[in-house]
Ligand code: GBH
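Before any questions on how it binds or moves, here is one chain, the form predicted alone, in structure tokens.
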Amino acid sequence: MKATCQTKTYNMKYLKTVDNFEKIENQPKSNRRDFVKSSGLAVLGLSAAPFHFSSFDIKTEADKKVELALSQKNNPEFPKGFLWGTATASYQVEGAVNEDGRGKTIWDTFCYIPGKILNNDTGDVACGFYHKYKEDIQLIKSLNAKSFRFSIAWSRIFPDGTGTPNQKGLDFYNRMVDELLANGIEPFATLYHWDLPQTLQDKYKGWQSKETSKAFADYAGYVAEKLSDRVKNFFTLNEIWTFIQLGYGDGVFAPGLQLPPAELYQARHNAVLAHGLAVQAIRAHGKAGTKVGVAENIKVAVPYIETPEHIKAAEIATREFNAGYMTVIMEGKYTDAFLKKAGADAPKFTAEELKIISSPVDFCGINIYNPESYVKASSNEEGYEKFPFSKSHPTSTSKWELLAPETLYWGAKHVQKLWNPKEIYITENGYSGADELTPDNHIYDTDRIMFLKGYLSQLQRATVEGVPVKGYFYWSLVDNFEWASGYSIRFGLYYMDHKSLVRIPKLSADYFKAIAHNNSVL
């Protein structure tokens, strides 16, 4: 009791030093200890380390003020106007695949090839979003989210990829956008999230042909013309690496091809060309103030020790890891190492195409789940050395999702350093959990909350350092069709009963709601 009373006396005496907390935080580390001594804070037993007060049985108003100052310091806010949102994709949530003139897509075809999708699941119904979008928008609103990233199904607008537009398809997105805006939610539209019209695959071999690139630009320009009076932000393509590598290289995603290297390199080039053509089309047809960028699952190199030489190595590695996608989009050239590795299989391109591909963007969207590799500096030709991941490295229930919160920091940091975009958005980041439903219909996904705390703390670290991250879209709003994994994987803030289509909020939904309300990691 004596110690408690004595400490309270000191708290009263030195309440004025609360104003010095900000000064300490702004001191270089080498000067903090001297500053603590000179400011009188040392009497309280405070050091240059982060401040933590013990709890007491009785708290005076002075104690409360001190603790309030400290809690605000320990939970700094994200930048003013930071956008909190969630994300979905058309084929993964909409369903209604045969309604209102929608054309067939490569995923409609792929899902009906036996054994391609776990449990032979399909996106025929998915989450029923096509009919439940108003209910789901209320879920978004209940999260205190002020933005929503969704994708437009190309085959709803042009059932065959080109030709006469389908008004009923456009009407659906008009209704959805209006509903979002009526609820104070800013729409961010992605024009391609992997559901290529089947006709383009049959007619042109999909992304193996530049005819598909041109068709995509025409579609992008049309959508921008019709929606940009209300949708101000468009992403062209989502995760080029994924839909090309897994769909045309490894054969595990639609359309299920395993192309030889030269054809695969060319498909990659045709996809980034489609991005550039779409940027130009959106600029030509969108209303004044329309912004456009790309959403790429950037491959992030994380320095295993944060010293200048290893950080530089990580920058070099990140640029090379993304040479065929983000790097060529942002720089307008393929790196020498990329072309050397491709050799005779390198894509065929012209200087004019490179200029188109690098059409200036207004922002970069980056999807980040896990690092590509931890790296260190090396005297080898590359300038970096990759480490293999330990067999015991923690993952989510998706074993490909290696957990490393600092990836969110370094992903944003590298993009800023390498390409200096005006704005960066975290367009996807999420956690796959077991999400077991209790008998009383609760989902206590404490692991997802842990994930959010860790990753978002690292994102905040980036914004504090001036990295221009403007928003964060959690993947995803609701458990949905997860491609080749079907409905076996759950990423949502809302649990989905895939038979009844009932949505149930998880514990993480409450946590996200609190974060978005406070604009701070709690």
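For every residue, the number given is its place in the sequence shown, counted from 1. Owing to the predicted nature of the structure, the values given are computational and were not obtained by experimental measurement.
Below, we turn to the form predicted together with this ligand, even though it does not appear here.
- Contact with this ligand in the predicted bound form, defined as a heavy atom within 4.5 Å, holds for exactly one of T242, T162, Q280, T397, namely T242.
- Though this ligand is absent from this view, in the predicted bound form it lies within 4.5 Å of a heavy atom of just one residue from S155, Q92, T86, T236, which is Q92.
- Residues placing heavy atoms within 4.5 Å of this ligand in the predicted bound form fall in a single listed stretch, namely 364-372, out of 178-186, 447-455, 302-310, 364-372.
- When this ligand is considered in the predicted bound form, W475 lines it closely, a heavy atom lying within 4.5 Å.
- Taking the partner from the other structure, this ligand in the predicted bound form has a heavy atom within 4.5 Å of a heavy atom of H193.
- Proximity of L170 to this ligand in the predicted bound form falls outside the 4.5 Å heavy atom cutoff.
- Shown alone here, N297 lies within 4.5 Å of this ligand in the predicted bound form, counting heavy atoms only.
- For the three marked residues, L246, E428 and E482, a heavy atom of each sits within 4.5 Å of this ligand in the predicted bound form.
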